[in-house]
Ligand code: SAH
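To begin, one chain is listed below as structure tokens, in the form predicted on its own.
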């Protein structure tokens, strides 16, 4: 923070809310790291538009809690589905990370995971690289690129255990970005708001074209504002056709449909 500027408000630990909703709660060390992320975002907001959600309560719910809600199957082994096998180590990519969510909270909660933050904006990637270093997150790297390019590079194609996509675009677009990067046996995690049975049918059909299978849709309620959230889990069961993802911009302009 700049000289003379008041220090940011501390984030509350929300221990009951973490435990009640995710059956997990951060250690004191993790809580300190969450606070450092919050302070880094506030400082970064002075140079670029990272997020409007800077009130401590809103930041906790909309960024920290929401990020980890999608990883609930891996936070605790209690009641975890069969496809969410325990991962002592994992290679994870956060596609379209923006201000670093859900990737930065994931790196704090799972310190043995290797997290790649992917964003097309060089300025944001520079900020994320510097922030991860200053916060002390050694399991984070940031890459400036587009998923449509990265997914055709052998060092990235079908190399990730998990792909995370939050506030990126329509589900078919997200699947075309994610599944070529996910290895067989891996999972793409899509963070969504409202959801319907028709959405599930369409997602299953599009996923099949990319070597994926709809595993589960988990519904939850945000702890403070009682909003509706859904996390969509798509497993990778066969290799993705090399035609995907299509050229940059096409997955967003012409999303795959169940009829394709």
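Positions refer to the first chain, counted from 1. Please read all numbers here as calculations on a predicted model, not as lab measurements.
The form predicted in complex with S-adenosyl-L-homocysteine (SAH) exists for this protein as well; it is not shown, and the discussion that follows is about that form.
Engineer: Here the chain is shown alone; which of 121, 159, 129, 153 has a heavy atom within 4.5 Å of S-adenosyl-L-homocysteine (SAH) in the predicted bound form?
Structural biologist: Among 121, 159, 129, 153, a heavy atom within 4.5 Å of S-adenosyl-L-homocysteine (SAH) in the predicted bound form occurs only for 121.
Engineer: Quick one: is residue 146 in contact with S-adenosyl-L-homocysteine (SAH) in the predicted bound form, heavy atoms, 4.5 Å cut-off?
Structural biologist: Within the cut-off, so yes.
Engineer: Decide whether residue 98 counts as a contact residue for S-adenosyl-L-homocysteine (SAH) in the predicted bound form under a heavy atom distance cut-off of 4.5 Å.
Structural biologist: Residue-level check for residue 98: yes, a contact with S-adenosyl-L-homocysteine (SAH).
Engineer: Residue 166 near S-adenosyl-L-homocysteine (SAH) in the predicted bound form, any heavy atom under 4.5 Å?
Structural biologist: Residue 166: contacts S-adenosyl-L-homocysteine (SAH) in the predicted bound form.
Engineer: Based on heavy atom distances of 4.5 Å or less, which listed stretch (113-121, 178-186, 134-142, 73-81) is in contact with S-adenosyl-L-homocysteine (SAH) in the predicted bound form?
Structural biologist: Only one stretch passes the 4.5 Å heavy-atom test: 113-121.
Engineer: Of 35-63, which residues get within 4.5 Å of S-adenosyl-L-homocysteine (SAH) in the predicted bound form if you count heavy atoms?
Structural biologist: Residue within 4.5 Å: 63 only.
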